[in-house]
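As structure tokens, one chain now follows by itself in the form predicted alone.
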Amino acid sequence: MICDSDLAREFWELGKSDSCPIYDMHGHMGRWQGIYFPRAETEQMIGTMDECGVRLLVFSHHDALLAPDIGNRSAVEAVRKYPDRLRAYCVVNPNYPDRAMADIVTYEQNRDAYVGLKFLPDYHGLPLTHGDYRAAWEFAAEGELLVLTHTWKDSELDGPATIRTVAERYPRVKLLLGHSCHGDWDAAVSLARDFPNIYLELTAVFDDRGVIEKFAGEVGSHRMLFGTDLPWFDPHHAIGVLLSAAISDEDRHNICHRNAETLLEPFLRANMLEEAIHDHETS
């Protein structure tokens, strides 16, 4: 199906849309063992974003996911180099509780870079309900932060039943279901209907025909978020799927930028206020 809406025509003709900026809420950065990414460094990724109109990427650095001795340092450095294009999730690895607590303790001094936390249970091997996650969950709840976590069908670590438990425990957390319980779309719908703090993040959902329409029809596009896993997947593909889906342009605007703008506004506003205070004090 090739959509012929006004928004679709703008993308087809120009490759991007001034009226519909894109906020990619699930990205990464840097090299990964055993896989070649042709455009995985910061400047290369921003080049990809420029090609298709991605205004902001919210990411977790590969260093933070698998190298706890490096931790989140690379992510903070990238955001501070390109603060108008990037924001980061602070990765919490529960296998290294001292390191995780150190990152949480220093979160405030890096809040110009962060918008929330990132959990990766399938890689780190502990369920989201494990006690070593508790301090991070409580910190996120207190600050009403975003938490992006992998969610997969039938997983005992981050499957629908586990997500339901943590959503009940931490209703103040804005919980982004990375991959939307991939493969169990009905469970994703049920969770989003039952918990107003849950959002369906679409990375890898784009590989299954009809799911975008299902989510928009059964949950509503106001609870869906654009994401790609960049540099694992290319945003051009995801945008093409959205433009070809049987949804309205209003739905596309919600998914591409409106929902993300609403979620990110408190964090971006706080950063702008701090910058204004700093400029005033130094003037």
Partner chain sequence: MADKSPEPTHFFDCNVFVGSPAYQRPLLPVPKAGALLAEMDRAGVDRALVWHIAQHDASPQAGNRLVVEAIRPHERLTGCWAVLPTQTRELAPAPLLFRQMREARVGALRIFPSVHKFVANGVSLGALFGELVDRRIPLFVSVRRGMDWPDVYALLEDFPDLVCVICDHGSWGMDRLFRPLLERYQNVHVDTSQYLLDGGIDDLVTVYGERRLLFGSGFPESYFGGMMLALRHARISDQAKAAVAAGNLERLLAGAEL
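In this text the structure is predicted, and so the values were computed from the model without any measurement. Residue numbers count along the first chain shown, from 1.
From this point on, the text means the form predicted in complex with the partner chain, which you will not see here.
J.: Can residue 206 be called a contact residue for the partner chain in the predicted complex at 4.5 Å between heavy atoms?
T.: Flag for residue 206 set to yes.
J.: At 4.5 Å between heavy atoms, is residue 234 in contact with the partner chain in the predicted complex?
T.: Output for residue 234 is yes: heavy atoms within 4.5 Å of the partner chain.
J.: Within 4.5 Å, heavy atoms only: does residue 48 come near the partner chain in the predicted complex?
T.: The answer is yes: residue 48 has a heavy atom within 4.5 Å of the partner chain.
J.: Taking 4.5 angstroms as the cut-off for heavy atoms, does residue 212 touch the partner chain in the predicted complex?
T.: Residue 212: contacts the partner chain in the predicted complex.
J.: Just one of 35 to 43, 254 to 262, 219 to 227, 54 to 62 has heavy atoms within 4.5 Å of the partner chain in the predicted complex; which?
T.: Stretch with heavy atoms near the partner: 35 to 43.
J.: So, 3, 13 and 239: all three within 4.5 Å of the partner chain in the predicted complex by heavy atoms, or not?
T.: Looking in the predicted complex, the three residues 3, 13 and 239 all sit within 4.5 Å of the partner chain (heavy atoms).
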